[in-house]
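There is one chain below, alone, in structure tokens, taken in the form predicted on its own.
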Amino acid sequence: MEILELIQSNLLTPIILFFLFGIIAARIKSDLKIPEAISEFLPIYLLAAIGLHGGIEMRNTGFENMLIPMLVAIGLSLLFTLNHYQILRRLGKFNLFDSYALASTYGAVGAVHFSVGLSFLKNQGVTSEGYIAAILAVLEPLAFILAIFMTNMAVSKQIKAKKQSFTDADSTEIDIGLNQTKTKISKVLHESITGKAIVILLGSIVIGYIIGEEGFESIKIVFDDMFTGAIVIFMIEMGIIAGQRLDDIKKVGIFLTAFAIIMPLFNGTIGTLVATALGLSVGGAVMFGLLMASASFIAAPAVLRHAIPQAKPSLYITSALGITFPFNIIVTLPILFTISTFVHNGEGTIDLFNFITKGF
């Protein structure tokens, strides 16, 4: 019952209400549109604010204290990506390219999820370890690199298998055709790291680390007090885009719809429990779990449309933005917060026995 009350309370927050408002505006075919200049500015602002706080926290905490959580996050991200592929390929019967594109989309992390998560915790009067922003920056390209690498490996096997079945002339044509589907990992890595999202996030982390809390005071009014307001405006645009894609949801099918709801919730729960076991705070465990639950709908299209052009954008964009994102910010966040609160005792350790026996 506590979860239902928290979900209901979350529905009445400005961020969720403005997101729903954007969906309604799109469905009634209103000409409401966020100006392009503001639309491009807001993601940069949000990432800069997240990065500054992350850098300050890293300075206060020290690299050694964030190393283990970061390594564990990397391991979970890669494990989840491989698990997604197996489920999509074997149970969902998606083709090779769509399976890897979807697997990496749900293995990657979403900066918009992260922004909403921070605001949610602020509404609950809870703080989190700021260095999780650094984990966000590191995880962003990992799932894509793994997916591209695995796709290239699969394509190479296809080339070898088909070359053994045809003449030399046919084999040459197969080489040319299939090799066009292969993408250099170095190119994907470069595009991911030099993308504006990662650049502004990493740059802000470094600046936050350098200036510390004293230096941040002079810009606090911009990057702290105005943060929630900026998210609210950004949520209008996210709602409009999500509303425009509601008609596409029926095209992704029942299996992918279920996947887009169940897997993020499962991954987020695992992430929250693991983070608590690592000693993160209630808020830190929620943000760690949210990273594991989030799906990328901004970086994913930018990378995948070049890296795996055979994959259908309608699948990975619609499922991530139209299904997973609304479910995560409305339902998953309160669930993860309830789980994190329940499994923490007074000393910040896990009480899994009570959680399992009593439920949530």
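Computed from a predicted model, the values in this text were never measured in an experiment. Note that residue numbering begins at 1 and tracks the sequence as displayed.
What follows is about the form predicted in complex with another copy of the chain, which we do not show.
- Here the chain stands alone, but in the predicted bound form its contact with another copy of the chain, taken as any heavy atom within 4.5 Å, falls in 210-218 among 210-218, 67-75, 279-287, 135-143.
- Taking a 4.5 Å heavy atom cutoff to another copy of the chain in the predicted bound form, the contact residue among 204, 128, 99, 267 is 204.
- Contact annotation for residue 41: at least one heavy atom lies within 4.5 Å of another copy of the chain in the predicted bound form.
- In the predicted bound form, another copy of the chain sits within 4.5 Å of a heavy atom of residue 13.
- Using a 4.5 angstroms threshold between heavy atoms, residue 333 stays clear of another copy of the chain in the predicted bound form.
- Taking non-hydrogen atoms only, residue 52 approaches another copy of the chain to within 4.5 angstroms in the predicted bound form.
- Contacts to another copy of the chain in the predicted bound form (heavy atom within 4.5 Å) from stretch 25-45: 25, 28, 29, 30, 31, 32, 33, 34, 35, 37, 38, 40, 41, 44.
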